[in-house]
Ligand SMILES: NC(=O)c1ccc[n+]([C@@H]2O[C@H](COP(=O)([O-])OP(=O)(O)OC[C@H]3O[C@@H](n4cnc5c(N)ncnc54)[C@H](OP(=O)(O)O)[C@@H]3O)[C@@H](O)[C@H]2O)c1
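In the form predicted on its own, a lone chain appears below as structure tokens.
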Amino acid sequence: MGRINFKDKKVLITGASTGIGKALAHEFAARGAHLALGALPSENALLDSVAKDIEEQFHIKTWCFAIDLTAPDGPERLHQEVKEKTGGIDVLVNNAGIAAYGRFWEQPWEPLEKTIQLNLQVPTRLMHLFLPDMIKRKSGLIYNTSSVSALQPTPFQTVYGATKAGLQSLSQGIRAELKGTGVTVCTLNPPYTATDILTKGGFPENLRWYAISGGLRRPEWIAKKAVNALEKRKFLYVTGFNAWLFHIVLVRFSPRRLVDWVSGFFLKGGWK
């Protein structure tokens, strides 16, 4: 199969007001795609600004949807409004996500529960809502922003890692079920990236992992490589050689006890 051409395709991106979502929006727009952009109601003005900038720069259409996806009817509202305003999408990018840093048992339950909901339940529901129309058209693509955290234990961010591992497994299972339908699922597995997820999640600035992984990546760097990989239909795409070496090669072939120890040592910060 040849490369995917995104020109005139309609792409829905959740979590599009900042970070990787915003950067992905620019990359899809640069390829001629029209964009449905989602974010929280509190980020409505920021989302409108992103959409206006993209329209002026790339001369494509945008639609904005300021909806809290963790609300009881959030995914259903997004699906309905997107379908009504765009007529249907070609690509769903499940990008919205959050994380919380700290010892599992010491963290308040509410942010952990919200992490499970937004990182795993919401993309599951959105795929369940959007897939039937894609299958009916025999054409469609889902791109789930997972993480390298899906590929190893993640001490001090255990729930985040668990949700990404769940999303990874879900994506692979659905991909297998979709064989022959004309629809597929791929995942983006970035390393630590300089986004609001880290600052709002309380991650330490001196995390040892940053030193051995080449530091924090920029969202724009991640997005450019990610969409290039998606054009080639790469199922699981880890950005950067260091990240690929650590999370694909070394984790796979190292003893489990060693992986656990290294993960705990390098992901710990701020405690003695």
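Position 1 is the first residue in the sequence shown; the rest follow in order. Note that this is a predicted model, so its numbers are computed, not measured.
One more form of this protein should be noted, the form predicted together with the ligand, which is absent from this view; the next part is about it.
Heavy atoms within 4.5 Å of the ligand in the predicted bound form are found in exactly one of 105 to 113, 129 to 137, 191 to 199, 85 to 93, that being 191 to 199. Comment: the ligand is not present in this chain, but in the predicted bound form one of I67, V238, A51, A33 has a heavy atom within 4.5 Å of it, namely I67. The partner is absent here; in the predicted bound form, the one residue of L151, A100, L118, L141 having a heavy atom within 4.5 Å of the ligand is L118. Contact annotation for A25: none of its heavy atoms lies within 4.5 Å of the ligand in the predicted bound form. The ligand in the predicted bound form comes within 4.5 Å of no heavy atom belonging to F156. In the predicted bound form, A39 approaches the ligand with a heavy atom inside 4.5 Å. Taking the partner from elsewhere, E55 is found to have every heavy atom lying beyond 4.5 Å of the ligand in the predicted bound form.
Residues T145, S146, S147, Y160, K164 are the ones in 139 to 167 with at least one heavy atom within 4.5 Å of the ligand in the predicted bound form, listed in sequence order.
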